[in-house]
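The chain below stands alone, shown as structure tokens; this is the form predicted on its own.
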């Protein structure tokens, strides 16, 4: 186990490879590993600028899937192979399996797909069948489909405009998979409106559901209180919460993060 002192210590890696995924997303693979669980995140630091949380796409080698949507992430996109990245973590609780699952449904919307890739690999290692629903606005925005299929995961793609896969939101495909039966649990990461709808669907069907919440994080370790959702600190008590627990919070499904990383009401 990594204790808090180890988590909070800054670690520096070199970039081993950078893969462009689309017009604004790149996958950064670093030259080392981190003991981490799927769903956890790291606070990545850029000297004289700031530090921001990023979900872990893979722990060995340590990998992040980063969209250039603001000043901080654009600065990361300027880095090249061989450059250094400094970070601390991992933080958060991660997705959890009971050990009784045989088949699970993973639902990722937009940039929420990356941590589910890490989780899919964990499921496969435990002989659990993951089915991955990837939701995006259009074909250009579909992320990591090839990564999942190369691991042997069945992928269902949905796009808002119908340019690839099923036309509609990810919840449309998720409901079809749940209606078909055999799904023991659901795990989701992405826009809160999507996750709230999915959590309500799972509640109606009495299927366990876990969702990954996003809030503005100043410290990443539960001290500053900027990421509070209801009575929960998202960075320390989450970011993974049972769907039914998240539905009890009045602002769940009503928030999103802008390019700066700040949380805003929809």
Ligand SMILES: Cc1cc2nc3c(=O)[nH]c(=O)nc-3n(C[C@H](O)[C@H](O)[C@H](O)COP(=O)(O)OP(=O)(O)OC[C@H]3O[C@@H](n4cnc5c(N)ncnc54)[C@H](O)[C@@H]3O)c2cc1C
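Since this is a predicted model, take the numbers as computed values, not measurements. Residue numbers count along the first chain shown, from 1.
The discussion below concerns the form predicted together with the named molecule, not included here.
*Asks:* State yes or no: in the predicted complex, is some non-hydrogen atom of residue 70 no more than 4.5 angstroms from a non-hydrogen atom of the named molecule?
*Replies:* Residue-level check for residue 70: yes, a contact with the named molecule.
*Asks:* Check residue 237 for me: does it contact the named molecule in the predicted complex (non-hydrogen atoms, 4.5 angstroms)?
*Replies:* Contact check for residue 237: no, nothing within 4.5 Å of the named molecule in the predicted complex.
*Asks:* Heavy atoms within 4.5 Å of the named molecule in the predicted complex: does residue 111 have any?
*Replies:* Contact with the named molecule, yes.
*Asks:* Indicate whether the named molecule has at least one heavy atom within 4.5 Å of a heavy atom of residue 53 in the predicted complex.
*Replies:* Contact with the named molecule, yes.
*Asks:* Name the stretch, out of 70-78, 172-180, 145-153, 158-166, where some heavy atom lies within 4.5 Å of the named molecule in the predicted complex.
*Replies:* That would be stretch 70-78.
*Asks:* Using a 4.5 Å cut-off on heavy atoms, which residues of 212-227 contact the named molecule in the predicted complex?
*Replies:* The stretch touches the partner through 213, 214, 215, 216, 217.
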